[in-house]
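Only one chain comes next, encoded as structure tokens, the form predicted alone.
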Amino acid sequence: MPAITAELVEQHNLAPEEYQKILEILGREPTFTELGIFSVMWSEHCSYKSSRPHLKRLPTRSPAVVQGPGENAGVVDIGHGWVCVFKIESHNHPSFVEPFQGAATGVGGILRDIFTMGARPIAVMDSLRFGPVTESAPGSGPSAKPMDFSLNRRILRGVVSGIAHYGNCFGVPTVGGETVFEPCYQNNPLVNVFALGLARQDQIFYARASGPGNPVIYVGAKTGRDGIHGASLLASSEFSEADGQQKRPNVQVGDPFLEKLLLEACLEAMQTGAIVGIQDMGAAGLTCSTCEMGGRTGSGIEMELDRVPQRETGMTPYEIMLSESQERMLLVAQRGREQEVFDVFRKWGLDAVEIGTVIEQPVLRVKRHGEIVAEIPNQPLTDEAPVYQRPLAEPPRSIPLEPPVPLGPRTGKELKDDLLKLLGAPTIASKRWIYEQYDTMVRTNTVIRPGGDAALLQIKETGQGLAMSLDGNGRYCLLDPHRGARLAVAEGARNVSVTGARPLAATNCLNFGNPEKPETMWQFHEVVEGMAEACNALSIPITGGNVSFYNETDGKSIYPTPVIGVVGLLEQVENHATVAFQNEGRAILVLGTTQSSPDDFPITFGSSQYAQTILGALWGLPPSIDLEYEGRVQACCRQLIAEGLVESAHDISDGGLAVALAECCFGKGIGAIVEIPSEEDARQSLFAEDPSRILITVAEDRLAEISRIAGEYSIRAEKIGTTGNKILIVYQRGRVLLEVPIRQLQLPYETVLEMAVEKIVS
């Protein structure tokens, strides 16, 4: 084993003061294996040492929350004796180094987080961010840093293929998500994966090692050398472009077919009643699962590495403990009933080996050939890991508040061209090329498929529906992280509400740069504060999630990018709304109202997709939001849907009213005739992204009821037009402002992304 030197400590991403703390804890110099164990457990990815003080501000409780942060996944009561189990995780750096396996194992890892709780996974969603894939993308002009479009396309293809491969082979539907393209993600793509499962409330399992003398059993795949230091080197340090090849051995390799067997074996073994606790081997592998399971109960685990199933010869204790080989679980069984567990796993053709026992001493004790190679108290590795109050400093503002480009009037033809270009912007355009690679209907629970505001799945056992949405806007958070976070929570909840579902709870994935930089920590602090305010105002607790720091390459950070996953409940799944206009001759209403004044318009317009895509500029602030008003708009929408008054409902967000109208037209090819306010700049009416607005269609003879119910919520429900024909016509001051056939609008929306990624030349 190598000698412990200052250089070796630095290679393990441990600060000198952290190494001194290790010496104090052990009262001696650590072994090489112990140094590795400390390095992964004290990594940013595992210990949350920079984020933990801030995350305490988030609300985590409600009458529906059964299990909040601190376990493998959050658990929420949905009634009838059932719970839903869900969480989101990041696999960002691995997906840059090896896009296919990085994304695939991200799916595998989040699925294990779900079924280790005793739940059967029924849905996966993904939130993806890449560098631009079209040469006309904003930020790719002559004055910007050169974009490597071929790299961005390769990463996109690899990530999508990896997600499709794992989810499709495992047999879980990928039902939605979001995909964003911005220059800041070119060398640091974001791959955030969400999964949700169902379980009986009385059959939830927890990651706890209790009962001294109980056997500790390793199940699943054999351990190899893949993924070593994935948590401490890949997920907890900055990158350079050269790391793409150098760090490939740190990326895990997945086998979805084996994980499917592991799922079925674990759920069957749980039914025996012989299992006391269970945890997946994710980040930090065997190290994390052993010390965390013991730490939660104040007990310890002693194990013999000779018994660990291995697929490679000559593996050292260091390699075995730090390997992040996939499809493995650690469980604790009742002594005397272990054979029941072995029998189940043998039936499924999987390894199941007793590798240790629960002990009274609260330590992690690791042996090899009967000799101790590591012995560390659990608490310093888990709850008592270092926590830092990092300094905060608001970065000097380099982005102008006022528009750097003229905002003169636009002709109807110019507005038409603007809308067509917006609909072809990859961030707004149809993601059909992506989601058609996913199996969205396996298990036949999917009611609303990808392409809507939120996915909706039926719960066959109860007749209920679960809606789920992923949302985030890094550009908003760059301009104002506090406002941006409030908007992200509100939009996530609004996307669930427009299906008719009531938001129950949320999970989050917080993607940021280097936490050792005060500017990054200020952004993080502001985002958490904004999220907390919005979650409290909308009664949406956070049940868990993930923090991903060090998303920087060559010193250049991504935008601060919080991604919010909101889950909502619909008591009768058939009482839902979808985006598409359903019939001609229906009234089109905007539920809610623009909250910014004409004086605010130039400043808040700088954060919009229009400013980025059409003007190629970024300025100002994201829109402000009245959270109390937002809550009333969403509640009113849900009531209107529940009473059968609404035929379609769509959140107005990216691209504003014009894009929302076009998207509603696409589903059935039904057009619209609308009138925008005469006193407003046409661009403000068509393309501003003010929150708290929902586009709905209703029968003309129900307008009085709509008005009455909206009045009860003290919100506006303003008729702006009528559905009909196969054309979008917009009037202003009684004159036609723009007139575009639906097929012409749909062409860029449906084709641009595929043409860019596949490099199709028209």
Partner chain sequence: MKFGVVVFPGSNCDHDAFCAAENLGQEAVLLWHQSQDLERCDVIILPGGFSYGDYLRTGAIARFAPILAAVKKFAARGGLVLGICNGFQILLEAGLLPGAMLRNRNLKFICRPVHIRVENVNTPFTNACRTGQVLQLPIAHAEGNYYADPETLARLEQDGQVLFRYCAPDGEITEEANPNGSLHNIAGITNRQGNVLGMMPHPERASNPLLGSNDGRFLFQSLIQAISDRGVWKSEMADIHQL
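Here the structure is a predicted model, which means the values were calculated and not measured. Residue numbers count along the first chain shown, from 1.
Keep in mind that the form predicted in complex with the partner chain is missing from the display, and what follows is about it.
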Sole residue of S653, T440, Q612, T427 within 4.5 Å of the partner chain in the model of the complex, by heavy atom
T440
Which pick from S624, N514, Q203, N168 sits with a heavy atom within 4.5 Å of the partner chain in the model of the complex?
N168
Okay, which stretch from 354-362, 574-582, 96-104, 522-530 lines the partner chain in the model of the complex, with non-hydrogen atoms inside 4.5 Å?
574-582
Each of D255, L261 and Q458 near the partner chain in the model of the complex, meaning some heavy atom within 4.5 Å?
yes
Is there a heavy atom of R368 no more than 4.5 Å from a heavy atom of the partner chain in the model of the complex?
no
Just checking whether Y218 would be counted as a contact of the partner chain in the model of the complex - the rule being heavy atoms within 4.5 angstroms.
no
Using a 4.5 Å heavy atom cut-off, state whether S150 contacts the partner chain in the model of the complex.
no
Taking the partner chain as it sits in the model of the complex, is R120 in contact with it (heavy atom to heavy atom, 4.5 Å or less)?
yes
Who in 444-482 is close to the partner chain in the model of the complex, meaning a heavy atom within 4.5 Å?
T444, N445, T446, V447, R449, Q458, K460
